[in-house]
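Coming up is one lone chain in structure tokens, specifically the form predicted alone.
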Amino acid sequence: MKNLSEIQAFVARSVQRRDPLPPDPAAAREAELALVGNARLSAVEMLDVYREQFFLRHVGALREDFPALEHMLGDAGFDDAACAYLAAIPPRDFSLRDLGARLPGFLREAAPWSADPRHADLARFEWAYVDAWDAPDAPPLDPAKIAAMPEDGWARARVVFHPSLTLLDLCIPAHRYRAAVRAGEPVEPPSLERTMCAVYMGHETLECAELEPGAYALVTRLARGVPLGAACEEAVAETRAEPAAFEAEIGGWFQGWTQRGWVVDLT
């Protein structure tokens, strides 16, 4: 190897290999050209130590962020998925904070995990907890904003939600499964069951709330900045709800969202 960039590229490729390096003659030859061993370890053996540590550190970090996914896949199955993910999408940052950000997408697209939609959706759900934990805070809604809103202004009003709020439409009740796993309860992988929920930072801890279809249809539109009047019309059309019955539910939904700290402003 002639220059530093070639050596760096070789080392990067080597540490991301899952199989041990010493049995590979080609890897041993390249290591001798790029690195220097010592009295205890050859160049390729030294490099293999870094390879082992790379996977221990990074797979361990993924285990911390995705405990329910690990439970669903099992120890060996999670190792396979995590190592395949790291090989396909190598980390580009010294921080481990965003290491798992692209894991849900990887599981949705990569075989064999893509054959079961539960894998990607469970990963999406668990990643929402990581995002909610690190999200910036925001002061609660000022009641004066509600009092000052004119009657004819509600249809045009836009609702601002807390930055930690993530809304999820899942194929499984991931919140119940994750809670059972974290509690150490014996639990089987969940069956397919459409579940709409929200993950958010509560008053003291991370929380999850399940949402009925009408509430989910409305809150997702409001979160995208759709004015309240248009959001209600679209949600009614999507859910095929009876307009009067839908309108009767809105006050209770808003009260619950506000009590949970989701709504932080009206504009």
Partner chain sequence: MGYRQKHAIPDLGVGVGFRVPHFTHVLGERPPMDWFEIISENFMVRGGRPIANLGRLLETYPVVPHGVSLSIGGTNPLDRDYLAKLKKLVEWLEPPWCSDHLCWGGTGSVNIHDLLPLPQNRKVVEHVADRVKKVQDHLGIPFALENVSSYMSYRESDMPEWELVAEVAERADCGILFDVNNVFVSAHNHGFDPNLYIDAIPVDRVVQIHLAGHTDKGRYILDTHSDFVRDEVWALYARAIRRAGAVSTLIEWDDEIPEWDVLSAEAAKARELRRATLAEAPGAEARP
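Residue numbers count along the first chain shown, from 1. Owing to the predicted nature of the structure, the values given are computational and were not obtained by experimental measurement. The term rigid core refers to the maximal set of C-alpha atoms that superpose within 1.5 Å between the two forms.
Beyond what is shown, the protein has a form predicted together with the partner chain; the following relates to that form.
K.L.:
If contact means any heavy atom within 4.5 Å, which of 66-74, 197-205, 214-222, 236-244 contacts the partner chain in the predicted complex?
P.N.:
Among the candidates, contact is made by 197-205.
K.L.:
Quick check on this chain: which one of 228, 34, 59, 27 has a heavy atom within 4.5 Å of the partner chain in the predicted complex?
P.N.:
So the residue touching the partner chain in the predicted complex, by this definition, is 34.
K.L.:
Taking any heavy atom pair closer than or equal to 4.5 Å as contact, tell me whether residue 169 reaches the partner chain in the predicted complex.
P.N.:
Taking the distances in the predicted complex, the answer for residue 169 is no, it never comes within 4.5 Å of the partner chain.
K.L.:
Check whether residue 131 has any heavy atom within 4.5 Å of a heavy atom of the partner chain in the predicted complex, and answer yes or no.
P.N.:
Within the cut-off, so yes.
K.L.:
Taking heavy atoms and a 4.5 Å cut-off, does residue 93 contact the partner chain in the predicted complex?
P.N.:
It does: once the partner chain is placed as it appears in the predicted complex, residue 93 has a heavy atom within 4.5 Å of it.
K.L.:
Is residue 248 near the partner chain? Define near as a heavy atom within 4.5 Å, in the predicted complex.
P.N.:
No, residue 248 stays farther than 4.5 Å from the partner chain in the predicted complex.
K.L.:
Can you list, in sequence order, the residues from 45-74 that come within 4.5 Å of the partner chain in the predicted complex, counting heavy atoms only?
P.N.:
Those in contact are 45, 46, 47, 49, 50, 52, 53, 54, 57, 58.
K.L.:
Against the rigid core, is the Cα displacement of residue 250 between the shown form and the other one at least 2 Å?
P.N.:
No: residue 250 shifts by under 2 Å between the shown form and the other one.
K.L.:
With both forms fit on the core, is the shift of the CA atom of residue 240 between the shown form and the other one 2 Å or larger?
P.N.:
Moves: no, less than 2 Å.
K.L.:
Hey, does residue 40 budge by 2 Å or more at the Cα between the shown form and the other one once the core is superposed?
P.N.:
Yes, shifts by 2 Å or more.
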